[in-house]
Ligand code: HEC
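The chain below stands alone, shown as structure tokens; this is the form predicted alone.
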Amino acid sequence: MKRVLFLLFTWSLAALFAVAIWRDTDREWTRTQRRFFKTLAKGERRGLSPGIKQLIISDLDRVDRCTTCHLAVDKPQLALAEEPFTAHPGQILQSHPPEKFGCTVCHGGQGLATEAEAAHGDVKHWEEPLLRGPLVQASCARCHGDVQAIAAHAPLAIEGEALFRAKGCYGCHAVRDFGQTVSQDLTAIGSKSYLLMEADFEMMDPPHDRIQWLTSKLRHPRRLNPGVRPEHLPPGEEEVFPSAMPRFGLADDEVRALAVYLLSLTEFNPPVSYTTPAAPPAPAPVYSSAEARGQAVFERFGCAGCHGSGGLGGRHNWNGGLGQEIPSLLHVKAYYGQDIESLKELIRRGRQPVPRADPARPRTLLYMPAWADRIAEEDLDALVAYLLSLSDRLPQAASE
């Protein structure tokens, strides 16, 4: 009896080994390789062998297996017209050889995976989704301190940074120790954990990844707020509560550029041999007047984020006074023209909290932060001169 059981156990074990071997020869990557090898002539197979291809980049703490399927990425003479057998476009591999850089450091995804969905990061809980199409430009700014020097390769990263300044995002967000603390520090938003991002994927359509969250937030900032579903919002307030971020009405190309810039902000710190130095500081600008200098201060510190371009106002501030909108600055001269020191003190100290339109409801979300330790006194004088000059735009604003 014992011998019979032993034989049955042995046969079962052998059968399991046979099944395991069969399954191992019929994985997704093995099928992909077989498809590719069938397209090659006998002489073209020289130097190519089946099996998992692995790039170990110790300097970057990366292990990539992408070339297991992307077999012709650096072999244009063998490339086909269909993925994953195409060659890498352009000449970028001449300066970024895969054996030094790998793949995921630029393209994102999950380097150790050998199945397409997992390798592309299209799985739950993977925080580095594949940067498809123009989004891959976000990677350039991670190593190249002077993005202007590679403008031909990363125009969206440059455009996104310019938009970030133009829309006044620094008025609420800090990036690398510059900006305000009204909302999240965005210094590492491109790699910050989903928990620290407060990314509530329950409020958005799939895919539930960083790219989708950022683009959704830029398009509809008031729809992605932890713990508050749209059907639970007060009637008529689906677009105004409870996020402080204004809706800027961004076009699709602006959303894409801003997403590229934000994805470029990571904690990635490559060795010096992988980087290019930052551009030298630009020479100090020369302004034609105090008002011109003040306008530059207004724009640099992101005042337009709340007060609107040119101080026209109009940003919604839920339960804030004065019609629940950030006030226009066109009337500053009327209120403070005879008391400039009070205006300067308001800017230095800020206004926290902002008076509520309805004292029974929660406090307003946007507030005037303190600028005393951020704006130098000479710049403050120029800013005040600019704010007082805005009253000249009142007739034009009225006609608009």
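In case it trips you up, residue 1 is the first one in the sequence shown, and so on. Since the structure is predicted, the reported quantities are computational estimates derived from the model, not experimental observations.
What comes next is about the form predicted in complex with ligand HEC, which does not appear here.
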- Task: Name the residue from Arg45, Arg34, Arg351, Arg361 that puts a heavy atom within 4.5 Å of ligand HEC in the predicted bound form.
- Result: Arg351
- Out of Ile211, Met245, Ala174, Ile158, which one falls within 4.5 Å of ligand HEC in the predicted bound form, going by heavy atoms? Met245
- Message: Whether Ala257 contacts ligand HEC in the predicted bound form should be assessed with a 4.5 Å heavy atom distance threshold; does it?
- Response: no
- Task: Please check if Glu115 has a heavy atom lying within 4.5 Å of any heavy atom of ligand HEC in the predicted bound form.
- Result: yes
- Residue contact check: Glu83 to ligand HEC in the predicted bound form, 4.5 Å heavy atom: yes
- Message: I'd like to check something about Gln184: if you look in the predicted bound form, is any of its heavy atoms closer than or equal to 4.5 Å to a heavy atom of ligand HEC?
- Response: yes
- Query: Looking at ligand HEC in the predicted bound form, do all three of Met204, Gly337 and Arg393 come within 4.5 Å of it through at least one heavy atom?
  - Reply: no
- Query: Can you tell me which residues in 149-183 come within 4.5 angstroms of ligand HEC in the predicted bound form, by heavy atoms?
  - Reply: Ile150, His153, Phe164, Lys167, Gly168, Cys169, Gly171, Cys172, His173, Val182, Ser183
